[in-house]
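The data below hold one chain only, encoded as structure tokens and taken in the form predicted on its own.
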Amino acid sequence: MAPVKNGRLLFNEVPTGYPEPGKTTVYDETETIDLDNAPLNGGFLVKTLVLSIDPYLRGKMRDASVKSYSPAFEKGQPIENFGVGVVLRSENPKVKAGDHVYGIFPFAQYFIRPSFDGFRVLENKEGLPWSVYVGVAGMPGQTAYSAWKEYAKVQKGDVVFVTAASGPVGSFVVRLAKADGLKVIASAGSDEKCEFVKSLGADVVFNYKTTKTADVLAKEGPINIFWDNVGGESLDAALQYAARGARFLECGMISGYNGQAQPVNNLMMIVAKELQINGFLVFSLLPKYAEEFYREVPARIASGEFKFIEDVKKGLEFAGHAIYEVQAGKNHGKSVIQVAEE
């Protein structure tokens, strides 16, 4: 077979605000690959099927000299994130042609991976769409599941507040909280998103763009568990209306990712109310919970217990647009790029 085009999404420049498709990232088709003859050197060749678009990617779009918990993207190289693909050829004994694998993928139609470290062969006994394995059965679901198990410390009668509750992490947390029999207050950024959160069983759902978070918590709180995906005003209100000894699960603060973060004025409540503030990264927690997660969660998804919605764009060339939409809150559901069919 003659070499084929290998489309890639390259990191082009550091954004100052929202990442701009065609500027922050650029789709490139200049690279080719010989799928039959490209040397594997003990590795394996993957055809990318789906890629995940997640809020944390914005933090990797920075100058490499700025240190953080996750390495910066390299200019001129493909960005990377979680994906699912099918193995076309392999010289690695841990994986064979036809296997479906999950791990950190370059945003490329095809790639050769020298090592199997950090990858997982997906069994998918339930026959779920592969896109689910970068969403509710992937890193976002793992984030919710692991941190809830580790830090929620559920007690009967607890009231939970979840921000960005229509997203893949927040919606999973809503279902976990309801499965534990708790009252759930949830916020989302549009009436359509709020309707989806209501369908998950949340007890109080509001559009934070039209209703003040503090007003809702003043009426429906105090809260015992706060799952924070947003930071800013929502965090400030949660501090104000937290119960004594409340647990704060700090997952993300997207309100400050693309510009000046909103000030938080109620930090003294951490002391006054003896709050437990738990910041976490799924990469640290997952080794403890991964096998339990894969044993339990795909079956619960297949049964319909864990509902999900996806915002799918077909074609790697649209990944830059999807990254922008996630940062601007314009997506509805888990943002996924379908790169190719089987």
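As the structure is a computational prediction, the values presented were derived from the model and not from experiment. In case it trips you up, residue 1 is the first one in the sequence shown, and so on.
If you look for the form predicted in complex with another copy of the chain, you will not find it shown, but the lines that follow are about it.
Option touching another copy of the chain, based on a heavy atom within 4.5 Å in the predicted bound form, out of Val205, Leu217, Leu235, Val101: The option sitting close enough to the partner is Leu235.
Residue among Ser115, Asn265, Gln77, Ser199 with a heavy atom within 4.5 Å of another copy of the chain in the predicted bound form: Only one listed residue qualifies here, and that residue is Asn265.
Another copy of the chain in the predicted bound form: contacting segment from 244-252, 186-194, 88-96, 155-163, heavy atom within 4.5 Å: Looking at the partner contacts, the answer comes out as 244-252.
Another copy of the chain contact at Met61 in the predicted bound form, heavy atom, 4.5 Å: Met61: no contact with another copy of the chain in the predicted bound form.
Touches another copy of the chain in the predicted bound form: Phe119 (any heavy atom, 4.5 Å): Heavy-atom contact with another copy of the chain at 4.5 Å: absent for Phe119.
Gly279, heavy atom within 4.5 angstroms of another copy of the chain in the predicted bound form: Yes, Gly279 is a contact residue.
Exercise: Ile309 in contact with another copy of the chain in the predicted bound form, heavy atom 4.5 Å: Ile309: no contact with another copy of the chain in the predicted bound form.
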